Structure formats: C-alpha cells, structure tokens
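Read the single chain below, which is given as structure tokens and is the form predicted alone.
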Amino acid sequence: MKYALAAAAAVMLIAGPISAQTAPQTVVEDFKPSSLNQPGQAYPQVNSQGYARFRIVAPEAQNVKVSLGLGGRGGTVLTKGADGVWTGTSEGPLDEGFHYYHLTVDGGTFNDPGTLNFYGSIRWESGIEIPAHDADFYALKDVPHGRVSQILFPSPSTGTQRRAFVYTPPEYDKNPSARYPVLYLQHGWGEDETAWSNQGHANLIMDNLIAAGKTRPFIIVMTYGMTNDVRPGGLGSFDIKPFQTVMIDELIPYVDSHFRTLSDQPHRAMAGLSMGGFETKLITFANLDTFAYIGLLSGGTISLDDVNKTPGFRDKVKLAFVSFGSRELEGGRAGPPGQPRQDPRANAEALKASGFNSVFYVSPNTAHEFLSWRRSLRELAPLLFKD
C-alpha cells in the first residue's frame, strides 16, 4: 500500500491541464478575463472554446513560457512585442474547470501577477478557470450559505497546533439543538487544507445541494494530510501512521467536542482525492468502528478481495464510493506504472454484484483535475448519511 500511496502522489505531481479531444481550427476572438483574476486585471483570458491567453510585462526578459499548455506538455511559449510585453495563446482548448500554472522567465519560476494563487505542487501556484458547461452546481448563488471556519487544534503526537477548515451547513447557527454527521475530506499530494474550499468549492457545492433538497446537511472537516515533506524518489517511504494518529486521536475528538456532531460511526465518513484517497483507504480500513462511508476520488480502487480480507467491512461500512475522470481511465484501467493495472469499474461492479453498496462514478471529459473532484463530491454527498 505504501507503493500505491507513492503512485498516487506521482500522478498528482505530473498531472497537467489536458486539452480537449478535438481542437477547433480557428480561434474565436471572444476572450474574457478569467474568473480567478486579481481585481482589475485583464489577463489571463479564456474564450468560449477553452483556449487560454496570457500577457506578461517583462521588457528585460529573454524567454517567457507558461506551464499551462496543450495537454500540459511543453507549455505555452510567449512572444515578445516591441513594447516589451509578452503574449501567447495555448496551442489548443483546455479541459473545463480549474488548472494550476506558473511562469518560467529566463529559467526562473514565477507566478502570474494577473491571477490569484492556490496551493498546489508544494507551492502557491497561479490558477485559471476554464468555464464549464455544468458549472451551475458549484456556482455562487442566492441561496442560504454555510460557513467555512478555521480551527486550530492541539496535536500532542506532533508537538504542534494544527489547522483545519470546517464547513457547517446554512442551518447550523439557526438551530442550536441540531446535531450533524461529519465528512472528513482530504486533499491531494502537493496541496493542503485550503484546497477543497478554494479550488474545489466544496462549500458552494454543499450549499447548492442542500438548497435543492438533494443532500442531508452535514459538516465537512478539511485538514492537512502530512504528505508534502516526501519528495519524488522517496515517496515509497510515506508512512500513514503519524497522520492516522492526528486524525483518529486528535482531530476527530476535537471536532466532536467543539461542534454539534453526531459522534458515532454511522454518522462519520472519510473521502479524499488522489493521495488523499489512498490515505482514506488506509485509515478507514484500519478503523472500521470510526467510519461508515468511504470515498476514493481518483485515489485508488476497492476490490472484492479488499473487502473479503477485511473482517467486519461488510457489516460496518455502508458505502464504498470510487470515482475518476474519464481521461484517467483511457484503456479501462488505472494503476502505478510498472505494476498490474486494475480496472476500478470492474472492481466496483464485482463488489456491487456481491451485495455491497458500491458506487462508481466517471466525470466526463476530465483528467486528474479539480472538475473531476468537484463533480465527484456532487455525486457523493447525496449518498452519505442515509439513515
């Protein structure tokens, strides 16, 4: 399993913005500023086809490149004008949704001053949003909104005060007697506890689902998975035990004592994207008396053999949810390079055929990226805590 964790991290490291399958021949000149731009900044821009356009003022530079490119390969090389301004357009349209990127200026790595920064790839990266045709489910709407609050909780095992973000549903502050189930939701390798509310819009997804009556209101807790000190080449040495101690012995008791939770196993879930999904699998399988719902989002698979060799799994776990972006499953299989590649869909179907509540979801036309995981949360949330 340590190898599997390393593989997930490696996927997170190399994943880039994937281009649409068929690039239009003519670029439509209807570019608009990205929704993630700094206030008053006109660039970067995106058009209706999913192309991205960049403008960087660097009159003394000799070479400027943007890491965001066709399929994430090679990046977009910018051209310098007589005014010292560098401009360029991606080679092709990009997948809908959020993408990280950065600038390479004369060999140095920099962020784009025109856009907001998001923590990914073990650094604060620039971000761009390619408008999605189905963005309504994570849009900011005129509906009741929950609260995302920062908590600092003691961690004797690490000798630190650790941070988490907690989403409470819109009705939480209005009904002081109500108690709620909890989903512990993990980020991927290279990211941190800010990812799901910033890049993932988990709070807006929940607000909209709750307003539409599609999910039971519940609390979401997002904390750092202690993954990023491990670098490529040493990922196989990742040890889940320190984070498992933080999660089971420190964070969960803190949340249960400071929030109005339903603090029993049937009302607790854990899910994660990419390496956070592998963390989820390791921790939940080892703590079946703590979690009743499991979600792996581009983070591995749950096979019939996994379940059969885990005593108590069928009796205690109410749902095994697995999802991927469609481009991650090209060829029908997923797994670490050089190892047998499993078919996660076949695993999910075999588990379901055995009588277990197994759900498999594929995000159309996306890869290892946040639109896959936003959609996955949209699909997962209504399945949780169905008493």
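Bear in mind the structure is a predicted one, so any value in this text is a computation, not a measurement. Throughout, we count residues from 1 along the sequence that is shown.
Below: the form predicted together with a further copy of the same chain, not depicted.
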{"property": "a further copy of the same chain in the predicted complex: contacting segment from 121 to 129, 311 to 319, 278 to 286, 239 to 247, heavy atom within 4.5 Å", "result": "121 to 129"}
{"property": "Candidate from Asn357, Gln38, Gln342, Ser326 lying within 4.5 Å of a further copy of the same chain in the predicted complex - any heavy atom", "result": "Gln38"}
{"property": "Answer option from Ala353, Val57, Val28, Ala42, heavy atom within 4.5 Å of a further copy of the same chain in the predicted complex", "result": "Val57"}
{"property": "Contact check for Ala61, Thr109 and Lys141 against a further copy of the same chain in the predicted complex, heavy atom at 4.5 Å", "result": "yes"}
{"property": "a further copy of the same chain contact at His145 in the predicted complex, heavy atom, 4.5 Å", "result": "yes"}
{"property": "Contact test in the predicted complex: Lys174 vs a further copy of the same chain, heavy atoms, 4.5 Å", "result": "yes"}
{"property": "Contact label in the predicted complex: Ala212 to a further copy of the same chain, heavy atom within 4.5 Å", "result": "no"}
{"property": "Contact label in the predicted complex: Leu152 to a further copy of the same chain, heavy atom within 4.5 Å", "result": "yes"}
{"property": "Those residues of 179 to 205 which, in the predicted complex, come within 4.5 Å of a further copy of the same chain by heavy atom", "result": "Asn203, Leu204"}
